[in-house]
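Below you'll find only one chain, the form predicted alone, shown as structure tokens.
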Amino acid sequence: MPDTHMAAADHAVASSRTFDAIIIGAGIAGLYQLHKLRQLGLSVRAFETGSGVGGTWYWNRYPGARFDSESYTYGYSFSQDLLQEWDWTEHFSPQPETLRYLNHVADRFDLRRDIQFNSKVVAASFDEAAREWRVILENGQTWRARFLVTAIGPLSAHQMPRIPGVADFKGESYHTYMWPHEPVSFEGKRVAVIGTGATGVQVIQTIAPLCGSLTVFQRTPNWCTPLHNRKISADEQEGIKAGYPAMFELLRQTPGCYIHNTDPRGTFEVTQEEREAFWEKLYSEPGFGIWMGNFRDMLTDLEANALFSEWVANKIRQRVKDPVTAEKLIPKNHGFGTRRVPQETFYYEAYNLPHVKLVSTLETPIERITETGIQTSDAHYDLDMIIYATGFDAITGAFDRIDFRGVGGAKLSDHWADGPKTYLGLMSAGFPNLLTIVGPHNASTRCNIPRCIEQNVEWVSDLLGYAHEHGITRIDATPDAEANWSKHVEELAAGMLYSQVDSWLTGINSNVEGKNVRRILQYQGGAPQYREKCEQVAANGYEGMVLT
């Protein structure tokens, strides 16, 4: 972000007001953080780029967008009344329902009065003399707060592909993150989807029956497994509500805060018959059990992973009629679960439709977007619509798009240039009073995210409540604490197969200049261990931090 934002703010006519805390974002994390800080009696203002609450579920309105963790495990747990009054209609909620839920939460707890919508934060600098953050909006308004909390999400910096001619196309074009609020018709149209990650999978399986023709441009195939979604019956609804206490206790104990727990057995500790029967069971069950509830060595032992990957590959071969297409859909450069596993509903069957074509951009790269379609190395595809399911500059990308300046004007993007450096994934040395919930080096980025959001928010709220009670106006992470935590995060990831694979989980993104070196972005010790570490820090007088 250019320095002109800082200069423009100095001349802005908008009045500047000081709060105890400013929150960037009004998604799941921002809403709960606002609620908690207001309970402490702090003056708080949240700034949200969109025109409404919801974050991920406000922006991602593309066809087929839905949870891939169970709805009732995803909702907030902090209010028993809220749990009992809300009925989830499906085991894996679709986007419109989830957005309704978050609007209900905002209304129920009267959160909107402290949220300023249509307000994009472009820069924030720490004023050392005043011990305050100065926050600058795109419209030039400046605001001040003692503490600044980022709730900007790990997947919010959407990314277009670096393909020549994107602006030349004369037909309809959409990025899935910026999907229109108005209905989009596919009937009779020649449609292309670029990308086959989790978002692309949901789009493709949903629109394939609706299009005149659908051409899927795939660079890297992913291991996809069935979601098995269905409606929630009245009896199930009653059982869910009665079972919330036990369920949330289970979620506290599992590594990713899912209802699926790692099987204690090793892949080779059972017979082939037992192994394959177990895998068949997982494949037939809903949700992430096949990823999160598999044998304990599936994500750490190369041989075990290869065996299961081949088993899933055979499932793909059984479901896709054309053997050539099936082989294109089977990943060859990574094992199952080492990248995010998309959950699907008849995704593979979409390729059995006569009007659906799969193009591998590894075999025939896209050369450019033209006025009328897509030119690859061997053909031109005439199109009416292009859908870019090209994902995000993940985890650190949203931070890079705001000009954060700490002590001495140091830029956070420079501090993280060679990879994030954090303490607990919640703060960085040299950036006092800045709390980065759901940021890098944090368990929340490999988690059933609302569960880890609640832990982050509650810990940060306890810290700011402590500061408020004791007259503390500056909170610093020490360089040693930051270095030790960052080393700890890297050590935890060393034994994980995913750390050897190029993906957004390891900071690789061919659509983002400079994002071509693997970095450890996530805490891999599991949510229970992360929670314990955070609790120890607080119990020991916030060790690793200087409270002034």
Ligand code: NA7
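So that there is no doubt, residue numbering starts at 1 and follows the sequence shown. None of these values were measured; they are calculated from a predicted model.
The form predicted together with the ligand exists for this protein as well; it is not shown, and the discussion that follows is about that form.
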I22, R38 and R146 - do all three of these have some heavy atom no more than 4.5 Å from the ligand in the model of the complex? no
Of these, L227, L155, I449, M427, which has a heavy atom no more than 4.5 Å from the ligand in the model of the complex? L155
Answer key, the ligand contact in the model of the complex at 4.5 Å (heavy atoms) among G256, G337, G200, P432: the residue is G200
Name the stretch, out of 307 to 315, 90 to 98, 263 to 271, 390 to 398, where some heavy atom lies within 4.5 Å of the ligand in the model of the complex. 390 to 398
Just to confirm, I194 within 4.5 Å of the ligand in the model of the complex by heavy atoms? yes
Taking heavy atoms only, is V122 within 4.5 angstroms of the ligand in the model of the complex? no
Can you work out whether R474 and the ligand are in contact in the model of the complex, taking contact to mean some heavy atom pair no more than 4.5 Å apart? no
So, in the model of the complex, is V356 in contact with the ligand at a 4.5 angstroms heavy atom limit? no
Partner contacts in the model of the complex for 238 to 260 (non-hydrogen atom within 4.5 angstroms of the ligand): none
